[in-house]
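Only one chain is shown below, in structure tokens, and it's the form predicted alone.
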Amino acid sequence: MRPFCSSLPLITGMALYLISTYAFAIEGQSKPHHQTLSVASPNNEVILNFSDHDDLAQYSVTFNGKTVIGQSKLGFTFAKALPMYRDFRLSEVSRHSEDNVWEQPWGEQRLIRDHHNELVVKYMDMNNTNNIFYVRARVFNDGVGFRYEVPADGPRYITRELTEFNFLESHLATAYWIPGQGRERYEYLYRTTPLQQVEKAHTPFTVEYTDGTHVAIHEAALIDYSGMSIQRQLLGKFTAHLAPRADGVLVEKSGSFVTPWRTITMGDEAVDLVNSFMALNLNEPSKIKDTSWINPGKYIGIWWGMHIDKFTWGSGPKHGATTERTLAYMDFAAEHGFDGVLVEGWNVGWDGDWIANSEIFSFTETYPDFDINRVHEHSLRTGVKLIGHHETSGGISNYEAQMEDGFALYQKMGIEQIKTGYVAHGQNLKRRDDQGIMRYEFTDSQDVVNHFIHNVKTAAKYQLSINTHESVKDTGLRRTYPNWIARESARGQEYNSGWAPPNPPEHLPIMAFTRMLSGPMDFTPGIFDFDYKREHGGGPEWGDKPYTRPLSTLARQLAQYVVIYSPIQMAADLPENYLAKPEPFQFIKDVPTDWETSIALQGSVADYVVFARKEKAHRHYSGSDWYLGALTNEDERIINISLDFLDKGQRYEAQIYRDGDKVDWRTNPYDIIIEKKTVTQTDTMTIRLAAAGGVAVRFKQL
């Protein structure tokens, strides 16, 4: 008996009656029997236990015979309804096993195996048999996901979600995290601290034990609910902390509801977390039947020039988004095989303090020096698409009032992709309520979460794909809405342009095992000129020299195209800087963005990471070539890479782009060695990664 179908939280009256009657019989016994119900992964290495010991709804998780998550509470408190917390009894409802393979229309891996065992349990209040909730749990070989399914009549106002994550032996664990629900949204440098020193943290939240066990806490299918951070209570015990709505309530629901899945991914080493597809498997299949119009690809853009003070977003003598510049960028893109050109600052609203003036943005009116019709005509001639841009500055209501008009204009102009932006402090997104009163929302509050989904669903009506910047975190919803092609949701490349202290070399080797666990990131790699000059920037806090540059070697910039997964990758630098270095530029031109297979081969959080990916066959790609990317933190290291991932019996030309012998990210970041050698599956490559360095390899099948 399954109280909720997999996609709709409905309980039939008869089923509810039968289950409640059975549970009432248990509750009515003079001495109720406490029990534990368990479900194991297909390989029996992960076990999820539910219990009602101490009359509390609780769960725990073991991995490889070791309890990783100790007894942890479940439940809710509400503004008016009875709490779901104490004096609860446990009963089993149903079990189910699944083993199937499904196909992504685009992704880091084309075919995904969904192999899990499911258990649905019921918790019933011993003092009120109508006060019940269900937990649906799915246990995979690499972790567990569970969600609440709550039958209810009328409104429910959640004031606390009581879910705990009780890390045992927390004194043996290190955490990698960023602050939750803060001013800068998700755009923080990651902290590496003892687990017991974490405060409130966003997810994905990664923990490493001294014995090598790695655990990541996150969520899947965040729909019509508030985003979850985790708040430390004591030692290794954390509780779910939901972003509040503007009215102070955490979540408002009407009738029966389900929550997002709470996910716990586990592995013997760091790369096991990366090689998991559990979050995707916990999301619903695509709601878009025909996905043929959703196209991965590579793009350039009028963007980096604004960050380094060469151009401006606003109108004036340095305005970046001019017709002539856009046409020139399109010509460059056509010559070098790029699919699109992103243009920021083409629409009215950028003059003055555009971050504060969200209410004046227009999404259809262009500046006089940007002729969108000429750009469209040039797009038809060159085959290069204009990539749209909608910066909202956090003005949710202003954007929603113009959204369909903006989408209709873009569809008319043959645009396929839109980069949206929400540059506002994370607690100050502006939404007008039903009475017209301006309210301020968190980036991950329930209303803003719903706005993002509304944006993506509306875009699909116009066959437009969305790349959201300053967005709520990804929770695998790209499976359900595959036109949600990428997000930012992290401290990206723009922080390396000089207006802020740059990302340290460890930033990417941490993000590979934290932020990147959630889904694709539009990091905008590929900076080739590190010696740009800014009118503003720098400062004594950066050290003796005010570095206004990526803390990177040139080879590391190439490696990012393999390490950082996104179906839309930007070549972020100015066209002239690529023309000045045509040999390394060739790798950016060659590397695809859609993959048949992806494997995290080696890595250690905050230290280094190595990825191998095989291209997917479509358009310009045969489907036979492999690519490898590796990068390190501030430490030089030697890595030995077995090439056993290559296809058996095939010979490859390894086109290697590696750090030069004299490279130094501070004084000589451009030294790069480009070489070729013939290899097979039986070979091993030994590669030196310079400090803040990397390597990129194309294995071209011979």
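We number the residues from 1 along the sequence you see. This structure is a prediction, so every number in the text was calculated from the model and none was measured.
Beyond what is shown, the protein has a form predicted in complex with a small molecule; the following relates to that form.
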- Query: Does each of H307, V423 and H469 have at least one heavy atom within 4.5 Å of the small molecule in the predicted complex?
  - Reply: yes
- Task: Quick one: from D573, D474, E488, E108, grab the residue that has a heavy atom within 4.5 Å of the small molecule in the predicted complex.
- Result: E488
- What is the one choice in K385, R479, H202, H389 with a heavy atom within 4.5 Å of the small molecule in the predicted complex? H389
- Message: Tell me which stretch of 513 to 521, 78 to 86, 436 to 444, 347 to 355 has a heavy atom within 4.5 angstroms of the small molecule in the predicted complex.
- Response: 347 to 355
- May I ask you to state whether Y627 is within 4.5 Å of the small molecule in the predicted complex, using heavy atom distances? no
- Item | 4.5 Å heavy atom contact, K419 to the small molecule in the predicted complex | yes
- Query: Is E494 close enough to touch the small molecule in the predicted complex, meaning at least one heavy atom pair within 4.5 Å?
  - Reply: yes
- Task: Answer with yes or no whether F167 is in contact with the small molecule in the predicted complex, where contact means some heavy atom within 4.5 Å.
- Result: no
